[in-house]
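One chain is shown next in structure tokens, namely the form predicted alone.
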Amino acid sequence: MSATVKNTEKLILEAARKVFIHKGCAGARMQEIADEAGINKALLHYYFRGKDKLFEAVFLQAASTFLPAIKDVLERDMPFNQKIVLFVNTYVDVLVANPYIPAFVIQELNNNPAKFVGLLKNYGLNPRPMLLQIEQEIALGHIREMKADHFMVNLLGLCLFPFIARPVVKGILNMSEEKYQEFLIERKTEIVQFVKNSITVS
């Protein structure tokens, strides 16, 4: 691949990322992306045949950064309470920087769930180390009795929901975009405290 081709693809992906962040996949238009990249629509279609392919390419570019980061947290040897803090901070920070990711995940889960699961496996994303750590913490009496898989799903849900339901959260709570962004950062502390309270031995 020539340097020119690489530079053009990089330019297109960056332009697409900006448009997807502001419009989402459904609201974005190829012409908008071409305009943002400073190229004509025909050239955009030459590199990426359609919006879905371009959306997937943007997601995969982000995935190459955030999936290894999540994998590192899940496998890291550290105290459980610290791991909860690191997991929440990493997950929320990634989604703040890449708010189109939940839309891609929902789209892929609806259209091709096996493909998405395969992507996670290709990056070696495996919750087993953290599940085992939860079971060990329970056995030691450090946290209350619970099912480790339910804990993981609860933790993921707390992190993901405000991003997936962004229009609902902003609408019901009457938030401006600025307030919504502040809310997302505050969520990190709130989630950690909520989770710690929920697993404390009574």
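In this text, residue numbers run from 1 along the sequence as written. Note that the rigid core is defined as the largest set of C-alphas that superpose within 1.5 Å between two forms. It should be emphasised that the depicted structure is a prediction, and the values quoted were computed from it without experimental measurement.
Another form exists, predicted together with the DNA; not displayed. Remarks below refer to it.
Q: Within 4.5 angstroms, counting heavy atoms, which one of the listed stretches 42 to 50, 132 to 140, 166 to 174, 60 to 68 is next to the DNA in the predicted complex?
A: In short, 42 to 50.
Q: Taking Thr8, Ala28 and Gln31 as a possible spot, do all three reach the DNA in the predicted complex with a heavy atom inside 4.5 Å?
A: Yes, each of Thr8, Ala28 and Gln31 comes within 4.5 Å of the DNA in the predicted complex.
Q: If I superpose the two forms on their rigid core, does the C-alpha of Phe151 end up displaced by 2 Å or more between this form and the one not shown?
A: Comparing forms between this form and the one not shown, the Phe151 CA shifts below 2 Å.
Q: Once both forms sit on the same rigid core, is the C-alpha displacement of Ala28 at or above 2 Å between this form and the one not shown?
A: Shift of 2 Å or more: yes.
Q: Thinking of the 3 angstroms or more shift, are the C-alphas of Val19 and Asn110 brought closer or pushed farther apart in the predicted complex than in this view?
A: Pair moves closer in the predicted complex.
Q: Looking in the predicted complex, are the Cα atoms of Leu155 and Cys25 closer together or farther apart than here, the change being 3 Å or more?
A: It is farther: the C-alpha separation of Leu155 and Cys25 rises by at least 3 Å in the predicted complex.
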